[in-house]
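First, one chain by itself: the form predicted alone, in structure tokens.
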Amino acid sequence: MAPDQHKTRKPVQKRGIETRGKILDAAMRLFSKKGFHSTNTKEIAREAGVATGSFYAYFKDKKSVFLEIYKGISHKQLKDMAGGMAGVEGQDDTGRVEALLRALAGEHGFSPNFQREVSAMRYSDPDVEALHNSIHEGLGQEVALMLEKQKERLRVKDLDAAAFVILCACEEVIHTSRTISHRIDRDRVISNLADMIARFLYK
């Protein structure tokens, strides 16, 4: 049976969960170092310290691993965003927005090199593009809900559009600050972006 005909399984026992995690971690390192197209499944299995057959027990191919890593990062991002926004009461407008931006930026999210791969794959692979759009939509809904709770204080009226603008600004600025060498540190970038968005949002 060819590798792409294997039915993958979701592990429930500790050993299987650990093996699957090793494969994801190894793939993340290799995709970040070599890029998606220069990495193959045998290399991922070898880097993870597992047999190639074990790789195919959990993943159909290298793209399914890539998508799973990206999906996992987005789930972490949503959790970080919810946690980051939970403690913003009592902060000023800029501080509130900065908490949101730091959660969106994800302190433990992408490595810069993996983020470059995602950006490149978005324009060449419809599955990656579809997942990116789904993630963006989910984050946008969460931001819009956050804005709804503060609507009496907001200058903007179209909250869905405002959420979209915030996400696009954050995505572009944070992505650029992470992937392009420059002399301005990330904290300064986020603080200035927060100030700009606060002026856009609040009365």
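On a predicted model such as this, the values are computed, not experimentally measured, just so you know. When you see a residue number, it is the position in the sequence shown, counting from 1.
This next part talks about the form predicted together with another copy of the chain, which is not shown.
Note that among 146-154, 22-30, 62-70, 169-177, the stretch whose heavy atoms approach another copy of the chain to within 4.5 Å in the predicted bound form is 169-177. Remark: none of the three candidate residues (E18, A51 and S54) comes within 4.5 Å of another copy of the chain in the predicted bound form, counting heavy atoms only. At least one heavy atom of R122 is located within 4.5 Å of another copy of the chain in the predicted bound form. For A45, no non-hydrogen atom is located within 4.5 Å of another copy of the chain in the predicted bound form, even though that partner is not displayed. In the predicted bound form, another copy of the chain sits within 4.5 Å of a heavy atom of R116. When another copy of the chain is considered in the predicted bound form, S111 lies well away from it, no heavy atom lying within 4.5 Å.
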